[in-house]
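As a starting point, one isolated chain is supplied in structure tokens, in the form predicted alone.
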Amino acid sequence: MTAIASAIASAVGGRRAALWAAVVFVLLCAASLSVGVAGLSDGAPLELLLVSRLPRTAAAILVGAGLAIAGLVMQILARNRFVDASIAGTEQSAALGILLATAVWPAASVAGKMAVAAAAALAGTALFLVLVRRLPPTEPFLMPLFGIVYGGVIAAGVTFVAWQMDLLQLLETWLNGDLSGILRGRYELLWGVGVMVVLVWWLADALTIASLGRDTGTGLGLDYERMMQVGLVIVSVLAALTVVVVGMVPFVGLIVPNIVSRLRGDNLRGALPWVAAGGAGLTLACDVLGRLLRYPYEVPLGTVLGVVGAAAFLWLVRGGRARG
């Protein structure tokens, strides 16, 4: 009877949490649609919504959900809770790919640049995973520290190449995520994030087994190497989509999966909706905050998330040490 009562209480608590999360998400969407220099009562409100506010809100939701899912998959691949696409050099490698595509193939379409960026992100992430295997598994905080240095080296190389090619101003749009330029017709590539999220949902059980390690996964009948390759492709595509359309957005894939894991446990299939919603909500909240901090001017999304994410990262590290 006690177990039944506990299960009922857990189910009721889960529904209540989902209801509150839905209410907060709706409020954030409403704030994103209404906050801006031009008021909805000025001029043509419907045109303003369709051309600017709705695309920007949709882009924030897709970017946040995609980066949170990418961070979750990256943590499974690395078997470390303190890495994500921005720490493992994935986003920096994607920026390098876009830079090379712009220099070598100036007439390339956005989709073409995204393909080159995804290939560069795949190579950069694969190299990161190869290098971190040399780190002692008993020191989990060495991996994010190495990732920060690794990503910084790639970013420095990207800046040097851009300086040599007189593309520094163009590079700035990729190194700092910003939603102010999102309009109808300039964000639709982000709907590919939805395809990647569905793919992760379909592979959730296999990814859960992969998180147990090579030996355990192989013993349970999983093609571990193939799953690692698929996971790398998912992370690389999500990072490339974000960098091409919005720019680099830090810490979303690090913060959200860790918080969801602490609140909801490690059931990947059950955690996926919460991770996606948490990433979308965090990005929406930081975007709205960036519009309000220096109104009528804007603080870029990447800058706001850099401050919020750094504080949250320190809190997560301190909490991990305290539990240890």
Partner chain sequence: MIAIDGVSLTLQGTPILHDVSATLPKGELIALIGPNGAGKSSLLSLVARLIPLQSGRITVDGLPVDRTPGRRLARTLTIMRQDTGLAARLTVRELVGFGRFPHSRGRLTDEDRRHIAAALAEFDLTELAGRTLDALSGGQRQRAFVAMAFCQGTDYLLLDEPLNNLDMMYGRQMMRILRHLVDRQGRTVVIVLHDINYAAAYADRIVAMKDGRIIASGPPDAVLTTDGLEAMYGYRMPVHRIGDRLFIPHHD
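Residue numbers count along the first chain shown, from 1. Note that the structure is a prediction, hence the values are computed from the model and not measured.
Unshown form predicted in complex with its partner chain; subsequent notes refer to it.
Taken together, Asp178, Ser180 and Thr303 are entirely out of contact with its partner chain in the predicted bound form: none brings a heavy atom within 4.5 Å. Residue in contact with its partner chain in the predicted bound form (any heavy atom within 4.5 Å), chosen from Gly152, Gly112, Gly219, Gly194: Gly219.
Only one of Thr159, Thr173, Thr102, Ser211 comes within 4.5 Å of its partner chain in the predicted bound form through a heavy atom, and that residue is Ser211. With the partner left out here, its partner chain still marks one of 27 to 35, 49 to 57, 258 to 266, 276 to 284 in the predicted bound form; by a 4.5 Å heavy atom cut-off that stretch is 258 to 266.
Residue contact with its partner chain in the predicted bound form: Leu189 places no heavy atom within 4.5 Å of it.
Among residues of the shown chain, Asp215 is one whose heavy atoms approach its partner chain to within 4.5 Å in the predicted bound form. When contacts are judged by a 4.5 Å heavy atom cut-off, Ile76 counts as touching its partner chain in the predicted bound form. Its partner chain is not drawn, but in the predicted bound form it has no heavy atom within 4.5 Å of Leu129.
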